[in-house]
Ligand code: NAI
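Before any questions on how it binds or moves, here is one chain, the form predicted on its own, in structure tokens.
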Amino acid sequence: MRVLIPDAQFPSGPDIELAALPEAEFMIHRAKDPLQIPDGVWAKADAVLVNHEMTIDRAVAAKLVRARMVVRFGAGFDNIDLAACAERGIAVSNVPDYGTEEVANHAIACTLALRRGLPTYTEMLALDPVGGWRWEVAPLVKRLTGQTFAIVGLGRIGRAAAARARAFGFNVAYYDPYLRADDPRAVAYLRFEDLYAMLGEADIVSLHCPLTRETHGLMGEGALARMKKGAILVNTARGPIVDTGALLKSIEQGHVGGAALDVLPKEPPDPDDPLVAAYRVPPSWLAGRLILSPHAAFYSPESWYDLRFKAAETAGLFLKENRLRNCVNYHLFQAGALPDNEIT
């Protein structure tokens, strides 16, 4: 069997993938544009393991004449046309359980960094160890106990973040219109039926929802205006969920207190993007109020291994045993076209 990785992120060979699927021949490319890969390569693949840099749209799906499966290296799958794949009999799966702990920890770490003033203290002491020895200048420091940590999207990662936030003394609230109010995984937290109502009560807003047509631009000018004055926005989900221009404007106007963004609408970002430019040379009103990280919330050596191993394993289970795991376009197939979905 041949497995294509069109946008490989690892610098060496597919050693982890081979550990999971030793029978396979892995065709490794490091492209971002599908046109950089010959049509004949796409046509040979029995399965495709794809990262976030390559789009599997309708035109690419048409090239997959042998493929039975596409597996997304990660939880999000907004770069894959699920319907186009289903029309060609291609199952699409993701890997939702590889970095839950890391992303939840990253969201909490960003929250603690801003609420404890670490960016301000680090910068001031690096510039002037004597004159910068001041504890009162960090703009967002507050006691955590009793503050409201509000989560948008109480899925696997959202629940992990909720448990950690509660351990730090936060009151935890959530908005998730797709989760039943009586779901036992959610009943311990305060549910909001209206996003804007929750934003008005939240001291921290942490995003853990997928990128869909519904959530694209969700945190735009209107939603940011509804946030509680001085609140912090944390995004470890997907960049396009947040309108970064509106966010920067809100911080400048003194409404949103600050933000921590692990993801941006364009990655890597344009250095001249207003938010990125302001981050590099922060004006006084932005100092200590913004943290950026390079889409790294998912990462640890352990999660990186799990991601690669599980992606290859998922493809192997289907190709060898007809066992379907974590299929995200199952609902688009006609009844009986695929085996019963196995969720692990």
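What you see is a predicted model; the values in this text were computed from it and never measured. Heads up: residue numbers just count along the shown sequence, starting at 1.
Keep in mind that the form predicted together with this ligand is not shown, yet the notes after this line are about it.
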Query raised in the report: Within 4.5 Å of this ligand in the model of the complex, heavy atoms considered, which of R30, R58, R66, H295?
Result: H295
Requested in this report: With this ligand left out of view, choose which of P210, G117, P265, G257 has a non-hydrogen atom within 4.5 angstroms of it in the model of the complex.
Outcome: P210
Query - Stretch from 96-104, 135-143, 120-128, 222-230 whose residues place a heavy atom within 4.5 Å of this ligand in the model of the complex - result: 96-104
Query raised in the report: Counting only heavy atoms and a 4.5 Å cut-off, does this ligand in the model of the complex sit next to every one of G155, G158 and P177?
Result: yes
Query raised in the report: Does this ligand get within 4.5 angstroms of any non-hydrogen atom of T111 in the model of the complex?
Result: no
Requested in this report: Spell out, yes or no, whether the shortest heavy atom distance between G76 and this ligand in the model of the complex is within 4.5 Å.
Outcome: yes
Query raised in the report: Hey, in the model of the complex, does E87 get a heavy atom within 4.5 angstroms of this ligand?
Result: no
Query raised in the report: Quick one: is A237 in contact with this ligand in the model of the complex, heavy atoms, 4.5 Å cut-off?
Result: yes
Query raised in the report: Which residues in 1-32 have a heavy atom within 4.5 Å of this ligand in the model of the complex?
Result: none
